Every structure is written in structure tokens, then in C-alpha cells.
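Take a look at this one chain, the form predicted on its own, written out in C-alpha cells.
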């Protein structure tokens, strides 16, 4: 039941922000986010609590939500980054802005906890609404164009996923009886060989666009460039995980034979995204776009772990999903605060800031090192597991991934040195304030905790991934 209360508080709280005085909206939103975090701590103590009741009996749709090791920490990622984004936002953006942020939290929590495929689709669509308005109303001069591109591409993918969902449910009902959208029951569906590739493609397209995976990332550059930094943190840290989560929660159990059949092609797709993101990050002079393409490269790394179809690779991908959300979310927030006080994102304009803003430099360096996979931090753990999974049967892809890790160090150190070190420019900025540090420190602390105690996540994830990894017994790899 706690997982339902998470959603209820986020939803009700979003509407409360609309009726309070404008100057109080941020404080109210932060309080709502804090209440959701407290409820999430209760869910950590008592995991697995959910609700499974009939919703639309005539269609076999159930309101079935719950949490397990696969979704539990993605729920945590959502509540933590939402609170951080609220605190990093400007009060002047007003009640409607905070309404959409909390509404996005509600949709994200629903999606990660949905265990009915039709319910999953409903929350998949719900998420589109707040992100669209956040992109078009509080972004840069080209924000409306970026928002429309994002919406059109994601609606295109959603339409195909809806066709796939209906097809799977109808095909399952033919030998098994009543129509159902329960994911656990649809695992047993057997589709005609002529139909399966098309249904597989329908789901894959929706998830690849949302992640995004190369070459389905067309919405990403404009959206990340134009959105306010807290919104970018939510889109890159939380929303991008929805597509990857879909691969693990839905596609791998339902379409494992197709994954085996298309394994090499999928790995090639993922590794191209990994390399492309790294090279594009090296070419950028906008510090936000360096981080954006670095995030695209990391999505490719996570996809490599999933498509490796090894137990170590899938576990590493699951771990890196959560770790990447915290790391890139924290990095975008720090960069956003830096842009607010510096008035620019260009490497040529911002330089030598370490002298006037040592606290900015320290936290910037921390999240940059975490993102590039420094040993002792969670990026290293996830990447190690993924490479371990790749080495079993796909050593060429493992070698490419290792080379790109070196490139990651190159572009992240480049951006840090360009902004923080070297001769100081004409611009002197105010350093991080105490009230900003007190909520950045817990975010950094969670990153450290994941790095030094990865078993805290993996020990919960392994049982939940059983239905996926038991299929891999003949392929090697080790959880």
C-alpha cells in the first residue's frame, strides 16, 4: 500500500501548489517531496507492498502496482532527484512549474511500480504531459520547438507500443482464456513467428526513443540544451530510465528468443551510441551539452549490458541505471547553479573559476569523476559488471567499451579543467551558498554509498531479475 501512498501524496501535493501563494509554491513543493521521501524510506523497510485490484474487468485491466528489486531503487531515484530538482529551481518560476514537477513525479512513480501492461502504458502517456509543458514554458528561446520534437517522437513510439500491448494480450487470450494485461502472465505467451518480429519492433521503438538510444535520440540535443537544468536533471536522470526499464521489465521476459536472434545487431546499435555520444561530447564547447552527450554515451553502455544477455551484464545495467541517474542528475544541477551565477555555459567564457568558487569546483569535480567511472564510485561498479558480461561472448564489444571509458575521462577532465583551472578570466562568480550545499551533499553521499556498498542494491535486484536471468543459464556470465 505504501507505493500507492507515494503516488497519492505526489499527485495531491501537485494540486496543492496551485492554490498556495506564489511565493510559497517552492516551499510547499519541497515539503511534499520530503513527505514522499519519508514514505519511500518506509517502503525500503517494508518492500514488496502493493495493490492488485480489478479496474476494468471487461477488458481484463487491473490496477496492479508494487515494488521489487528491479523497481525499488528506481522509485528511490525518482523521489531523490525530484526533491533535488525542486530545491534547485527558482521560486520565480511559480506554482504551475512546481505543479508539473510533482505531477511528473506522480507519473514516474506509477510507471516504475506498474505490473499491469495497460496500466504501464497509461503512466507512460501521463509522463508525456508534464515534460512537454516543462520543456515549452520554462526553457530557452527554442524550447517550444524542442518540446514539440520531443512530444511528436515519443507519441510516435507510444502509438506502436499500444499496438504491441493489445497484440500481446489478444494473442495470449486465445489459448489461455480471458483477456489479461498482467505482465507476469503474459510471459507465457507464444506468438506466431510471422507476427513476433513486428510486435518486438513495436515495443523496441517506444523504449529506444524514450531512453534514448542512437539513432532514436533526435529529440535529445534540443531538449537538453533548452530545458532548465533541474528539468534536464529529471529528464536525463529519471525519464531516460523508463525506456531502459521497459527493456528489462517487459521486453526481456516476453521476447527473450528474439533478443537472442537479434543480439549482435542490438549490440552494434548500442556500441554505436556509446562511441557516438563520446565523440560528440569531445566536440562540444557548451558544458551542458558535454554532459548531455556523455549521458547518451552512458545510455549506450547500459544498453550493452542489457543486450549482452548475460547475468552480469543485466545486473550491471540495472545498477548503472540508478547510479547514472544520481550522477548525471547531480552534475546537471551543479552546472545549472553555475550557469545561474556565471551567466554562461561556454568553456571559453568560464575559466579559472576555482579561485573564486572552490566549493563549486569541488562538487563539480566529484560528480565528473563519478560519471567517468572512478574506482570507488558507482559508475565503476556498473561498468565493470557490464564489461564482465560482455567478455563472456562479445570480447570485441568489451574492448570498444573500455576504450570509450578512456574517452570519458578525456571529455570530463577537459570540461573541468576548462572551467575551473588555468588562468582566471574576467568573470568572478559567487560560490555555492550554505543552503545549496546542504541538499547537494546528501545527493553526493548517496553516490558514495552506492560506490562503496553496491551490494545494498544488487542483493535486492538479483531475486527480481530471476525471471530474466534464469533464461541465460546456458549463456554464461555470473550474477
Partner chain sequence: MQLLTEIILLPLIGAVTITVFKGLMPKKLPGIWASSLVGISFLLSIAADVHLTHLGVHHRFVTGTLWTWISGFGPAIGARLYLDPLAGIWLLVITGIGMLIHIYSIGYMHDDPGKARYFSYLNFFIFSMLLLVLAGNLIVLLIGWALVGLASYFLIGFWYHRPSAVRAAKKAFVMNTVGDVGILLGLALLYLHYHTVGYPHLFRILSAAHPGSAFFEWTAFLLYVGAMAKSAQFPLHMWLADAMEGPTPVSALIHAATMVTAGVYLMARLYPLLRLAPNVHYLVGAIGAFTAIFAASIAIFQRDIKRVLAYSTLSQLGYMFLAIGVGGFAAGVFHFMTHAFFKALLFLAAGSVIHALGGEQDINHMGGLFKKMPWTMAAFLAGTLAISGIPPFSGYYSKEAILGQVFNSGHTLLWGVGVLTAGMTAFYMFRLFFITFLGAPRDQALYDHAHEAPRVMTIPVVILAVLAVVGGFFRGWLNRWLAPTFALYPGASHAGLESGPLFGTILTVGLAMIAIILAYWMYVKKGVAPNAGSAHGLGRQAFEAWNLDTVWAWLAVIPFKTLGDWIRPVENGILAFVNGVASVVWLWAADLRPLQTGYVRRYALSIMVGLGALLAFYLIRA
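Residue numbers count along the first chain shown, from 1. What you are looking at is a predicted structure, and each value in this text was computed from that prediction instead of being measured.
As for the form predicted in complex with the partner chain, it is not shown, yet the points below apply to it.
The stretch from 260-268, 280-288, 89-97, 321-329 that comes within 4.5 Å of the partner chain in the model of the complex, counting heavy atoms only, is 280-288.
Among the residues 191, 205, 162, 126, the one placing a heavy atom within 4.5 Å of the partner chain in the model of the complex is 126.
Site residues 4, 218 and 293 are all in contact with the partner chain in the model of the complex, judged by any heavy atom within 4.5 Å. Although the partner is absent here, residue 28 sits far enough away that none of its heavy atoms falls within 4.5 Å of the partner chain in the model of the complex.
The closest non-hydrogen atom of residue 196 lies beyond 4.5 Å of the partner chain in the model of the complex.
Contact annotation for residue 152: at least one heavy atom lies within 4.5 Å of the partner chain in the model of the complex.
In the model of the complex, the partner chain stays beyond 4.5 Å of every heavy atom belonging to residue 185. Along 381-410, these residues reach a heavy atom to within 4.5 Å of the partner chain in the model of the complex: 381, 384, 385, 387, 388, 391, 392, 398, 399, 402, 403, 405, 406, 407, 409, 410.
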